[in-house]
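Okay, so here's just one chain, in structure tokens, the form predicted alone.
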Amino acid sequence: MVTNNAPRHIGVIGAGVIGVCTALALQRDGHRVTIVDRLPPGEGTSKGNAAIIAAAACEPVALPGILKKVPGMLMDPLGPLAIRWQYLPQIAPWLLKFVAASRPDRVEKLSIALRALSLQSLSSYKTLLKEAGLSDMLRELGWLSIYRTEKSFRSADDELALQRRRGVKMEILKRHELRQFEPTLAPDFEYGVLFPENAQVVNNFRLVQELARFFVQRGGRILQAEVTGFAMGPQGPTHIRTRDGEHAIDGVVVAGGAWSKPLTRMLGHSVPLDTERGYHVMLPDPGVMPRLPVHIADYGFVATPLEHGLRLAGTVELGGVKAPPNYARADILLTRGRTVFPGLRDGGRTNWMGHRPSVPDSVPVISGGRHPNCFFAYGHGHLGLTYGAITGRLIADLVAGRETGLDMAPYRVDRRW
């Protein structure tokens, strides 16, 4: 691999956690970096996620047996995994690839690619947060998955077996152990699984804002503008075009989350990117606060204790980026949250909906492209925060032509979908 450490002007499209972490990694290499986004830093999907750094993650969303669940996804608009009927014609090609990715042989390979990133996710953040003076924003307490019944716990057997094959650390807790470990829980949960590798940040939105401030302090530029395309030269894009004018660059990183698909097409690649719409309920005065994040497996959401309250976040809705939110899904989160944490209060409650950028196989695009000065960093799905720092480091390595230490084939923009 030929290295190229000469400083350049790199434009990073996207001011979410992926874009900001990537900009900081490029800046560390001596490049002049401009972040371009129509929103201020962190105001998109990075604003409302579950604040988890899932260092134990290795399982794609589409696991074997997902095909049997598709009819239910269509019939129950408030279920943990739902599809809006009116969006079905548009999502159908993505959905076919999603189901194809659930074959056991593919799941095994995908889990290896996801685990390779996860194993470096926490250490990458520790390095970044130490540089930025933000180490106190990280909590390393693990997370707890809980199951209400024996049946729901046994339904996770294959997923837990996959995690064990990838070397994920876990501890099984039975009912009496679960109550002792996390006494805020309702007493009727039969099993829990503690994943000690996982961590969290105390405020995911503030994290991105603070990292963006650090980027600017080190000489970076943040331009709030909507990207419309590129001016192209023989070697690739020479300018980023926005509604406010053109901006010269020597290279570009597309890290625009769920809005990256048309920009990628302009740069010569077709990626089956869509969005999983995620919801959260924020409770500033919950009255009940677990000491670590709790994943309620029966209902597919996470309760995360944050510096500003308790967040109930999760579920998946396939409905595109244009449809208005269905906040009945947030109501369901709160209703079910009350069955998990007796005495939960909702005074001052706020709702939120965001667009997770998702590819059918759940493996993010972290890649160079057809043009030597183009790079791509998106499609992280549920793991955008988790993979922020490691994605930034990998893109910086690709820009410099350095060895990454990973097999980058599974993350290529032009891989077989």
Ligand SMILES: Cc1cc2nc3c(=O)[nH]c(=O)nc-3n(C[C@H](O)[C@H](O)[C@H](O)COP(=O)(O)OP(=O)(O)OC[C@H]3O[C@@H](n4cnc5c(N)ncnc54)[C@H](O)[C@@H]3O)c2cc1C
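Because the structure is predicted, anything quoted here is derived from the model rather than measured. Note that residue numbering follows the sequence shown and begins at 1.
The following text describes the form predicted together with the ligand, which does not appear among the structures shown.
Residues 13, 257 and 263 are all found to lie within 4.5 Å of the ligand in the model of the complex, as judged by heavy atom distances.
You can rule out all but one of 351 to 359, 60 to 68, 368 to 376, 26 to 34: in the model of the complex, only 351 to 359 has residues with a heavy atom within 4.5 Å of the ligand. When you look in the model of the complex, the only residue of 286, 278, 337, 319 with a non-hydrogen atom within 4.5 Å of the ligand is 278. Of the listed positions (390, 385, 56, 363), a single one reaches within 4.5 angstroms of the ligand by any non-hydrogen atom in the model of the complex, namely 385. In the model of the complex, residue 225 approaches the ligand with a heavy atom inside 4.5 Å. Contact check for residue 110: every heavy atom lies farther than 4.5 Å from the ligand in the model of the complex. Not displayed here, the ligand is approached by residue 314 to within 4.5 Å at the level of heavy atoms in the model of the complex.
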